[in-house]
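A single chain comes next, written as structure tokens; it is the form predicted alone.
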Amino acid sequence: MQSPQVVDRWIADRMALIEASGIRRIFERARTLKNPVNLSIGQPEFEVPLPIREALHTAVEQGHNGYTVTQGIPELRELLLNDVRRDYPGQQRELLITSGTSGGLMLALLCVINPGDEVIVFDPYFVIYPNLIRAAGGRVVLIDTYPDFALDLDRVRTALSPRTKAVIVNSPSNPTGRIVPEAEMRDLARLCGEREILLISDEIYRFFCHETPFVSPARFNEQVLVVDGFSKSHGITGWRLGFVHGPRRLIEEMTKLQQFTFVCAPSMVQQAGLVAWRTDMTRQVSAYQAKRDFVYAQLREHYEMIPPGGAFYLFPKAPGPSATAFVEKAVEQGLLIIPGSVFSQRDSHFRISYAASEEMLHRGVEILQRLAR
């Protein structure tokens, strides 16, 4: 057996730039608790609709178990492209089926970022962004958006440099649940267009918008790369089915890289995607709006937070010296939530996921009300 010192010499330097996910650490902690109240995981708890499950089973039985073309099966690409053409008339956008949205983001950054290139990320952010940027050899430039999590265009202009290659925006946001208003999104898209900077729009939560309608920056800038998928909207996070659409030249390079990495998205899942995209998920989205309303109503008098417009998260400010210390107290009470330091340079807030059963939400609210006293 090799010694740890020998194995350490094998590990590439870039791995020192990638952090173990704080969310995964919470999952590990959950294993030590008996019947915890788990409001930590960003995964829909609703059952995958029967027609989608049946479509997956049928695809396996019919032999859709091998490779597909790297771009994705033509039927699914055409189905998705029809909606893209409807939403962005007059634009020449190409589309690639990916192995989840994470796979799409990884391909995009590896195809775009040279060593030393800068990528602007809004803080708080989804945990994957800084790690994938660093893995690609890029430098993360964070823009603080506290306390209201708005996109301040003056701050963006100040952060731009000759090395700025891309900006990542996520709406509705993980972890805050904020939906970027049309005016903010339009101004950001136009600024990136003027400066010839790639804007990457992570739209995985766009189905979960309630009072405020979702607006993509691709409406205002044809060169925006949109990253989207089925994981959250259809409750199939483990199936790994995503897609990207954007400038043809970039999609061509991402397709080339996918050929030598992921090869293709799972073949039987692509077949099920044909049924999933046509499945009405309105009932599930409405149920999540009701869950949000319940949790927000129960906690707004106890915690400082913005009302979330979408996704399935709340991001309250923690009482006490730090969110990490508060989360430790919550875990002692059997409640699993995520400290904001996982998503931010600040340790002031914590994330609640209301993608949970009503019984779990009631138990979690009771604990949080008790901790606020």
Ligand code: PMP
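Residues carry their position along the shown sequence, with the first being 1. The shown structure was predicted, so the numbers you read here are calculated from the model rather than taken from an experiment.
One more form of this protein exists, namely the form predicted together with the named molecule; it is left out here, but the text below deals with it.
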Of the listed stretches (211-219, 131-139, 99-107, 85-93), which one has a non-hydrogen atom within 4.5 Å of the named molecule in the predicted complex? 99-107
Considering non-hydrogen atoms and a 4.5 Å limit, does the named molecule approach Ile204 in the predicted complex? yes
Even though the named molecule is not shown here, does Lys232 get within 4.5 Å of it in the predicted complex, heavy atoms only? yes
Does any part of Phe126 reach within 4.5 Å of the named molecule in the predicted complex? Heavy atoms only, please. yes
Is Gln271 one of the residues lying within 4.5 Å of the named molecule in the predicted complex, judged by heavy atom distances? no
Within 4.5 Å of the named molecule in the predicted complex: all of Asn170, Asn174 and Arg240, by heavy atom? yes
